[in-house]
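One chain comes next, on its own, written as structure tokens: the form predicted alone.
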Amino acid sequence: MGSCIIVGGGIAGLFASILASEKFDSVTLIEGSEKCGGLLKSWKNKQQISFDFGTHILSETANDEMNAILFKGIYEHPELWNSFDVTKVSNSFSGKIYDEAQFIALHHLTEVDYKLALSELLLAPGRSLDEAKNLYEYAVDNYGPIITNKIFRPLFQKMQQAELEELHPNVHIIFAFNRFILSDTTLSKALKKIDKFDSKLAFSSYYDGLSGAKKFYPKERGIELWVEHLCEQAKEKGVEIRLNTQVAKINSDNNHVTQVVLSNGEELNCSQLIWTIPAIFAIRAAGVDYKSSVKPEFCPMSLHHLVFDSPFLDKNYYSNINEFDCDGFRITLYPNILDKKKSNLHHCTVEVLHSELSGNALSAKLADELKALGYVEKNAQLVQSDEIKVPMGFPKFTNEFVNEKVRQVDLLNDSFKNMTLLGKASKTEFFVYGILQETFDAIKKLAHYE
């Protein structure tokens, strides 16, 4: 089938390269940094303790063919991996930790607000994502005024530095604000049998509704081990991986990409181009006529790798910090995942989307927040802290941002018949497993037209 060039060595690009190796005579993967994996990275501090760039616990999919590729290295080397039946996640809201689910417990509102919120949620008229102009319209018509104004609004002011009226209707799903927990588990289970409420209510425990899919996390070194497995598999399939390399120009003829020119001037012939980094870079490289007045905004994001001298009180793998006045928004509790109960040092990563502080001052504030919320003992000492700032940060999912991204993707799809847009260039998928499924389906479709 000729030559396939894949731009972007994140999880979408790596997976696509392995799939494409079965369909094309040659596959070349272009990655701009020194390693593949994107944010699927690990990092070690001075004490050689491993931390990840965010929370990354792997889970099998419902597709056996995908699993055989994605987890080949894990199946072949089970001695390197911890395996679980359930991903244990908690969350804090209103100063209280709910320790068996990632979703907010509505009964952590005041008693008056909880009763009103429950009534409004049950009587909400409903509105589809396509019908809502913004997140406010979607939230108030599906969850009611109490949840909208006392949960959604302050949390999105924290997470996105924006008002609900500015944000795209589906952004709440990214932060796990699409479902809520009721105090009455019997009522909740009964309501979840009704489609209208199933999408709004969560099980009260992560032990309910288990899929049977196995979860994985490395015993040592962090999540980058998975990336190494995938890179090895790609190379075994004959994929050529070019690191520290960028695309300078895309040449085309009659709406077909014919050649990719690299930053070093090298020219690569191309039968199929798979693009997994933001679409705007393909537009620029191809010289497509494009003008926009929309300037994307980003929330400054940082990762804080903290080490305490005391065990964590929360025994879950990670936790969402849904507190209006806290800078942290998620914490990964590595000793709980690794089951290292005998260690004298206890490490975690706290993710921050916006803060007026930075460096040691912010790390100290985060440590105080974790103590106040009950994630770690109040007399625990912070013995080591490191801050890593994420380049570009986290996008603000305003209507303008999302709609412009869709316009960019549509423009490229209209301009080139042999360019496939996946990963960060996808206009529909954000979560890893949605991206992987879309990638699998897209490469299969290419094979259909062989």
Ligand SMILES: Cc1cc2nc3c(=O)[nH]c(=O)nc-3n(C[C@H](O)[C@H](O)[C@H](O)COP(=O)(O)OP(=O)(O)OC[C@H]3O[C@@H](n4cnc5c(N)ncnc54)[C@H](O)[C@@H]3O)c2cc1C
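Please read these numbers as outputs of a predicted model, since none were measured by experiment. Start at 1 with the first residue shown and count on from there.
Same protein, other form: the form predicted in complex with the ligand, not shown, and the subject of what follows.
Only one of 93 to 101, 297 to 305, 207 to 215, 157 to 165 places residue heavy atoms within 4.5 angstroms of the ligand in the predicted bound form, namely 297 to 305.
Taking the partner from elsewhere, K424 is found to have a heavy atom lying within 4.5 Å of the ligand in the predicted bound form. Taking the partner from elsewhere, D314 is found to have every heavy atom lying beyond 4.5 Å of the ligand in the predicted bound form.
In the predicted bound form, S319 stays away from the ligand, with no heavy atom inside 4.5 Å. In the predicted bound form, at least one heavy atom of H56 sits within 4.5 Å of a heavy atom of the ligand.
Distance criterion of 4.5 Å from any heavy atom to the ligand in the predicted bound form singles out F394 from the list F401, F394, W43, F416.
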